[in-house]
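Okay, so here's just one chain, in structure tokens, the form predicted alone.
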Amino acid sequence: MMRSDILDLFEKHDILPTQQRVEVAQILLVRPQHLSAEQIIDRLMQQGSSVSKATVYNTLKLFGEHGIVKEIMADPVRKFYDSSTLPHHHFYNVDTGELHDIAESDVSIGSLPLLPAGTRQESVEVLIRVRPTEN
């Protein structure tokens, strides 16, 4: 994603375009992918960036709040940021820590329980945990 595209996206989502936010977006939004904050920090460091760890976490939280990325809690200690915000599901390999997309149309849910009073359904997301078969 080019800088001008990122600036347009920030404007559309009412996000102040700081240099640090642009740098994080250039890594995360370059293509559909799932990255942890640590992976983003590593890539920033490889590029010689001086963006702080706290700034990366704050930026990712902001992006999630504004709908630019989806936050995925793969397990109690692993959070990923998904650059694809279209409805879809995931396979999560518990051994490798990798996430893979599953098309929304590939999952069928027969029925859901009644929603609590005063609420409406926002989304349904399926996370299927897998691990390699043993030969």
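All residue numbers are counted from 1 along the displayed sequence. For clarity, a rigid core is taken as the largest C-alpha set superposing within 1.5 Å between two forms. These numbers were taken from a predicted model, which means no experiment stands behind them.
Beyond what is shown, the protein has a form predicted together with a further copy of the same chain; the following relates to that form.
- For the three marked residues, S108, P113 and T133, a heavy atom of each sits within 4.5 Å of a further copy of the same chain in the predicted bound form.
- Only one of 22 to 30, 55 to 63, 42 to 50, 92 to 100 lies within 4.5 Å of a further copy of the same chain in the predicted bound form by heavy atoms, and it is 92 to 100.
- In the predicted bound form, at least one heavy atom of E122 sits within 4.5 Å of a heavy atom of a further copy of the same chain.
- Contact between A74 and a further copy of the same chain in the predicted bound form is found at the 4.5 Å heavy atom cutoff.
- Not displayed here, a further copy of the same chain is kept clear of R3 by more than 4.5 Å at the level of heavy atoms in the predicted bound form.
- I128 belongs to the set of residues with a heavy atom inside 4.5 Å of a further copy of the same chain in the predicted bound form.
- Along 35 to 57, not one residue places a heavy atom within 4.5 Å of a further copy of the same chain in the predicted bound form.
- Core-superposed comparison between the shown form and the other one: the C-alpha position of T119 differs by no less than 2 Å.
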